[in-house]
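Only one chain comes next, encoded as structure tokens, the form predicted alone.
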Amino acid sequence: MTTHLATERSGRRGGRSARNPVGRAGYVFVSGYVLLLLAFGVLPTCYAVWLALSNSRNQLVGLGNFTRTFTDYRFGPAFLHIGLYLVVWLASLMILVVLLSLMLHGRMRRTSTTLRFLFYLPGALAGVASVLLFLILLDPAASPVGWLLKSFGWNTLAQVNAPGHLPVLFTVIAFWTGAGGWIVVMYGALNSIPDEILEAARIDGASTLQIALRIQIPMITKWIAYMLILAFAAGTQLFVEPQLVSLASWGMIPDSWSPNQLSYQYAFQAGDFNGAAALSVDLLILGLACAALVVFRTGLFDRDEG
């Protein structure tokens, strides 16, 4: 009996040692990402936190930079603008991406490959190119859909780019450039649902709407939560769109419309890198708070049982 146990233990050790090269290979593959994360993620973040807590003479000032930027008259409007944009952007993203993914997965499977490619294609364009494209499309004098814009009473680019229209306009641009990738991701998540479950629901008499609401959407909730976290983080960093629209509107839109623009003004117009870092840390805290809320409310990292 003792000999048998010793043999079994030595066999396990041999199995572990045989598997060690595979484990080491995994660490090698991950090491590249870890190094890039440290170089371009963790270290810059730590440096930004240090700048936010110090002054130009590298003296600690605590929350002084945060207080100073918070009392800036541009702080409130900038965060209000980005808040309105995030409400419109996240609501439209979640509803339309999930709806289009369900349509591709259901009634439109024969053409889903082509449509997924067409949805994803605009994301290949750089952000600046997409904004310039939309500046042309939104100019009633040059746009091929100028007749549609004029039907709303918008006869000039300034009327189209009115401050009250900006959250919706930026949402349209963001959806054009970013939603296609998420449609592909959600389509893949829907494909992970076993066909037996869907077939059983159909046999029980469930309609397409009931299957979507009670089976498909609940089973891809974690993917939707993941999309929400990344879309929120990207939305708070809005910069290119308002910056170019501000230039195209000849100053009708403030150059501090978004917090990122305000941070840019602090850093490169006023030379106040400490104030700019404080605004960046504000956005970081906001993004982490949203991510934590979504993770704990949806159980994003909980293991699926069974």
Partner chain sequence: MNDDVPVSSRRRLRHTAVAVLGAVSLLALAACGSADPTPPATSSPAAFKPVAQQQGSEITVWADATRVPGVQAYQKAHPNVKIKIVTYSGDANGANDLQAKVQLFDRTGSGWPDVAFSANVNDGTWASQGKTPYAAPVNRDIIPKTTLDGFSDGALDPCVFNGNTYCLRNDLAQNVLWYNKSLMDKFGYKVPTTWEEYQALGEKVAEEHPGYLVGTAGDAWTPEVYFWASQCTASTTTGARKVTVNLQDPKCTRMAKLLDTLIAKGSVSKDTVFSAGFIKNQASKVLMLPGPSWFGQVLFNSTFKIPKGQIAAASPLKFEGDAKNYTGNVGGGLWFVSSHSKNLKAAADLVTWMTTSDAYQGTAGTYPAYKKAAVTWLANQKKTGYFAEDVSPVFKESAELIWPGWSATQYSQEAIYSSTVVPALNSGKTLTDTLDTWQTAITNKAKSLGYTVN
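The structure presented is a predicted model; accordingly, all values stated were derived computationally and were not measured. Positions refer to the first chain, counted from 1.
What comes next is about the form predicted in complex with the partner chain, which is not displayed.
- Of the stretches 73 to 81, 190 to 198, 168 to 176, 110 to 118, only 73 to 81 has residues with a heavy atom within 4.5 Å of the partner chain in the predicted complex.
- The three residues Arg57, Met252 and Phe296 all sit with a heavy atom within 4.5 Å of the partner chain in the predicted complex.
- Contact check for Leu51: a non-hydrogen atom falls within 4.5 Å of the partner chain in the predicted complex.
- Among residues of the shown chain, Asn65 is one whose heavy atoms approach the partner chain to within 4.5 Å in the predicted complex.
- Using a 4.5 angstroms threshold between heavy atoms, Ile95 stays clear of the partner chain in the predicted complex.
- Although the partner is absent here, Thr156 sits close enough that one of its heavy atoms falls within 4.5 Å of the partner chain in the predicted complex.
- Between the options Leu148, Ala234, Val87, Ala141, the residue in contact with the partner chain in the predicted complex by a heavy atom within 4.5 angstroms is Ala141.
- Proximity to the partner chain in the predicted complex, defined as a heavy atom within 4.5 Å, holds among Gly41, Gly26, Gly271, Gly32 only for Gly271.
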